[in-house]
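A single chain, nothing else alongside it, follows as structure tokens in the form predicted alone.
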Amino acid sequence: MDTSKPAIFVNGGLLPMHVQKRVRIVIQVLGSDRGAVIGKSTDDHQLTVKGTPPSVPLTNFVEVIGIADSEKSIQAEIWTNFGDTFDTYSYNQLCQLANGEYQLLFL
């Protein structure tokens, strides 16, 4: 694991706190539009992910690591397919821990 460029765990509600920072987020892919992927965060916020997705088709749930360039968009650096089902509740709990009193335990 590369720790030289840490990425903060976020969901859609936490993204505005981390604009211009490197983040990681899981989205449910809704579609694509003019060079961007439109997705729904695990807490039901609609987001735009800019950048070139991998050459393999995206699954229903995708983790994106990149720079939050606004409160509702991310410039993607890394795309990882997470499959067609995902536990959004647990991911949201993880995001709360990673941005709360236990944030020092996370990169």
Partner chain sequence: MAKMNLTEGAIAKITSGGAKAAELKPTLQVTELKQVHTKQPQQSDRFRLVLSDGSHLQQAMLGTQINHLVKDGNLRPCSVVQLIQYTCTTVQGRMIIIILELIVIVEECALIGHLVSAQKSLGPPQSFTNQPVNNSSNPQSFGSCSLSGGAVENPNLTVASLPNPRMNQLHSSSHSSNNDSVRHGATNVPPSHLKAEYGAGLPGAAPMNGSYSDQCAIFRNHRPEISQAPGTYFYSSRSVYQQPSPMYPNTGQVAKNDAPPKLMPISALNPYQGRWTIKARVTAKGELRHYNNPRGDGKVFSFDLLDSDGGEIKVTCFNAVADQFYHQIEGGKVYLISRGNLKPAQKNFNHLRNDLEVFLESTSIVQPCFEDDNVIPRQQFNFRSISEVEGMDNNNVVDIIGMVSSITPAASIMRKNGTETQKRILQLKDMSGRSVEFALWGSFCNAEGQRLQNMCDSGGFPFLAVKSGRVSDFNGKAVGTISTSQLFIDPDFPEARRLKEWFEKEGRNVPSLSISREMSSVGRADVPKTISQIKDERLGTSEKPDWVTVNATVIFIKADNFCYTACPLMSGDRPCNKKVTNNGDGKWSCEKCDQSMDECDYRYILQFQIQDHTSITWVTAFQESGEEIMGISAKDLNSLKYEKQDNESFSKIVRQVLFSKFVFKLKVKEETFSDEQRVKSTVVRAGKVNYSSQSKFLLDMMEKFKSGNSAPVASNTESTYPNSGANSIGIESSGRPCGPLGSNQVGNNGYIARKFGSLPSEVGQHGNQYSTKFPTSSLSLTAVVLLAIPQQIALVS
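Note that this is a predicted model, so its numbers are computed, not measured. Residue numbers count along the first chain shown, from 1.
What comes next is about the form predicted in complex with the partner chain, which is not displayed.
### Query
Going by a heavy atom distance of 4.5 Å, is S70 a contact of the partner chain in the model of the complex?
Because no heavy atom of S70 falls inside 4.5 Å of the partner chain in the model of the complex, the answer is no.
### Distance check, S90 to the partner chain in the model of the complex, heavy atom within 4.5 Å
Heavy-atom contact with the partner chain at 4.5 Å: present for S90.
### Query
Is there a non-hydrogen atom of T48 within 4.5 angstroms of a non-hydrogen atom of the partner chain in the model of the complex?
No - in the model of the complex, heavy atoms of T48 and the partner chain never come within 4.5 Å of each other.
#### Entry: Partner contact for E63 in the model of the complex: the partner chain, 4.5 angstroms, heavy atom
Taking the distances in the model of the complex, the answer for E63 is yes, it comes within 4.5 Å of the partner chain.
### The unique member of Q28, S32, T80, Q75 whose heavy atoms fall within 4.5 Å of the partner chain in the model of the complex
Going through each option in turn, the one that passes is T80.
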